[in-house]
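One chain comes next, on its own, written out as structure tokens in the form predicted alone.
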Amino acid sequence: MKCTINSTCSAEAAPGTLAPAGEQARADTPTQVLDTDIVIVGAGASGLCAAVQAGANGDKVLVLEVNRFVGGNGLMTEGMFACGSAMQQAEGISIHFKDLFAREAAFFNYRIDATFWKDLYDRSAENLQWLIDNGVPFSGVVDCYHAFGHIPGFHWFAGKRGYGFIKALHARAVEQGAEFLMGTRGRKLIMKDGAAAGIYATQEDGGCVEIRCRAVILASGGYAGNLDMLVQRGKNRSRIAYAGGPGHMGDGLNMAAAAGARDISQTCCFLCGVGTKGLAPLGDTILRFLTCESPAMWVNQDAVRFAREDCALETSGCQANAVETQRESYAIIDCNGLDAVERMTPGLKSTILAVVAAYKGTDIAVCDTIEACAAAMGLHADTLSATLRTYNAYCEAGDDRAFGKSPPYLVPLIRAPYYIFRHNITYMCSIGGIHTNTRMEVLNQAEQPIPGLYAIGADSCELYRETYTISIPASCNANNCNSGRTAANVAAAYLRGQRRGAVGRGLKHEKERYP
């Protein structure tokens, strides 16, 4: 049976809800059988890069996508990291690997694998040019991505940014013969003699498809949308707010683990921030500013401070790390603090007040006294009052002797009304979990490759550990491209080795590029 591209398979399709998993049918009882060279599970940024590269290699490709649109979280990306690009050369920007890696290595106490970073660095300029050659539009602007980055390697997409990035890759994949099964969820790998030989997938109507292939590339986008998987990995169920796209249910990680792969998700990180549940995306953005980079005071369930409230200024991911150390935590600000916010970002105060006025949940309270704030959130009133007095004394002195908060954010909270916000962790996506080598081959418990099985993008990224720092902005998206291309090329060599009866010998150029 020929696989056809669903009519709604395009970047123009509006994001919907997670396609039903077809649980009424067994995941290994097929109603149809298909055959291809390579199955790619997921049509996000990494999956599309793999599909384009595999098509260029002459391989027959079938892409499974659980949603009725392509792109996944790639639609929300804004650019791509690279070193040595033509755009950088035109600006006189030169970045050495030692400068790029030094900060990341120090931040993670050298618990990150330099070979992944070196591989990304060495191929980043070529990958960026490859995207341009395949129709991805860039604006020509290269910078550090606002205040987050420390390396001027962020190349901004043009126009609608992530939309244009995904649209171009999808069009190119289709042009080169890749076929897509939309509303189709990969559920179980078919293993033969220890090698990947296919996959079972469920569809919206409850049917099951058996797809026989020679290689499988897992690009399902991680597991941040799966509440149970988050809780299993130690996240507080009551504090989770999901802000990523639909369909990121951990299918890649679960299938790989069932096939014997090593699960390293406990050591990996998330793209996440601090916000308040129930707010619209605009409101959530405002609250992330308010609770992380402003004159707010943070307290925990015991009504005492526990961190530098501006810790995100140095590394963005630290805000969520700090908040996660507490069972509960809150941000408190007053009119004095909001005036300071207005001085920093004109117009933001009125927007914040409008969001607060429209909010109907229980995680925000507006009170005339600090004692009323305590009552609203169930905190000890005397302790909270004492904490505020001490904090205000630090602000008046311009010296936070407890945690060293930056002087520009030390604004005494002395003018009612007071606003108190309950912290929650807003998860966009998980980053990593399936253990691979730099060839993107999935590794088993003995650190040996599982033949024919690859993992890319958010499913396997090993550039970071417990924190996505954003110090090297868009390195995660650069990994989407690099890992997708790498997996497709290594799989191409593997397929040709199979056909010759000499698995692993591969093509000459592949041996040179992937020794």
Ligand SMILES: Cc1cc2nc3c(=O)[nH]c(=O)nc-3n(C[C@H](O)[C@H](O)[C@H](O)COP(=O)(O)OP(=O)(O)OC[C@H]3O[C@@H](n4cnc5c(N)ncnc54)[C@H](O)[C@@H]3O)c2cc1C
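Numbering starts at 1 and follows the sequence shown. As the structure is a prediction and not an experimental result, all values here were calculated from the model.
Just so you know, the form predicted together with the named molecule exists too; it's not on screen, but the next bit is about it.
- When the named molecule is considered in the predicted complex, Asn480 lines it closely, a heavy atom lying within 4.5 Å.
- Contact annotation for Gly247: at least one heavy atom lies within 4.5 Å of the named molecule in the predicted complex.
- Proximity of Thr486 to the named molecule in the predicted complex falls outside the 4.5 Å heavy atom cutoff.
- Mapping the unseen interface onto this chain, Leu128 falls outside it, with no heavy atom inside 4.5 Å of the named molecule in the predicted complex.
- Of the stretches 29-37, 57-65, 486-494, 445-453, only 57-65 has residues with a heavy atom within 4.5 Å of the named molecule in the predicted complex.
- Screening Gly79, Pro295, Gly225, Gly198 for any heavy atom within 4.5 Å of the named molecule in the predicted complex leaves a single hit, Gly79.
- The partner is absent here; in the predicted complex, the one residue of Gly275, Gly153, Gly186, Gly433 having a heavy atom within 4.5 Å of the named molecule is Gly186.
- Counting a residue when any of its non-hydrogen atoms is within 4.5 Å of the named molecule in the predicted complex, the hits in 214-230 run Ala219, Ser220, Gly221.
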